[in-house]
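Okay, here we've got a single chain as structure tokens, the form predicted on its own, with questions on binding and movement later.
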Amino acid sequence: MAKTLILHDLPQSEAEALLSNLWAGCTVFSASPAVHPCIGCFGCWIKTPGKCVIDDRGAGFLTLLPAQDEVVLLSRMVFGGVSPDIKAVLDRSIGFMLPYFCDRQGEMHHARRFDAAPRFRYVFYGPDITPEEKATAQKLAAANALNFGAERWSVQFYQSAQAGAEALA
């Protein structure tokens, strides 16, 4: 059975109602309350390789990431990207990669720390997502997948968080 990690920005009461009946074995990580933002200290590369040195619940996301086959980002659309809380969690996961560089599709990126990278699935929600925001989100998802060394990724758009969550079931 595939291991799936869902990172979401829903309020706790809404998350419990929408995500409680998902797949068995699925791990759910809430981006709220907000985690401390990455401070760019590179401790996850130098002091504690693969582990964030900031001791809060945000470090837990990085420990979950390597064991996943798929990471689902259920996020409110914000200017063609993920919400600030989701972005903070993703920024804290830089230790998933090594500090060394490699060539991927003609671009310089950090080398993988692990043999495999999970598939990334972006599930954006919002009542008035514009075509421009959709295009930006597609580019963001492709760039993030390339940064994480993921070969597979997808993007979906929904009018509401409920519709996005229902699509996960």
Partner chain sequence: MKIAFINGSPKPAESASEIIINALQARVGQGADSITCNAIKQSRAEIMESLAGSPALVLVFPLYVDGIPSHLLRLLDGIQADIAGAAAPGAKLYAVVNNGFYEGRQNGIALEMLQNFCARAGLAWAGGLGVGSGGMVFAAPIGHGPMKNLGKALDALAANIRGGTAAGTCSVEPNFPKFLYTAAVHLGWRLQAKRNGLKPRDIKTSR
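Nothing here was measured: the structure is a model prediction, and the numbers come from that model. Numbering follows the first chain given and starts at 1.
This protein has a second form, the form predicted together with the partner chain, left out of what is shown; the following refers to that one.
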Subject >> Residue contact check: F114 to the partner chain in the predicted complex, 4.5 Å heavy atom >> reply: yes
Subject >> Contact test in the predicted complex: L74 vs the partner chain, heavy atoms, 4.5 Å >> reply: no
Original post:
Hey, in the predicted complex, does D55 get a heavy atom within 4.5 angstroms of the partner chain?
Top reply: no
Original post:
Do S154 and the partner chain share at least one heavy atom pair within 4.5 Å in the predicted complex?
Top reply: no
Subject >> Residues of stretch 83-108 in contact with the partner chain in the predicted complex (4.5 Å, non-hydrogen atom) >> reply: S83, P84, D85, K87, A88, L90, D91, I94, L98, P99, Y100, F101, D103, G106, E107, M108
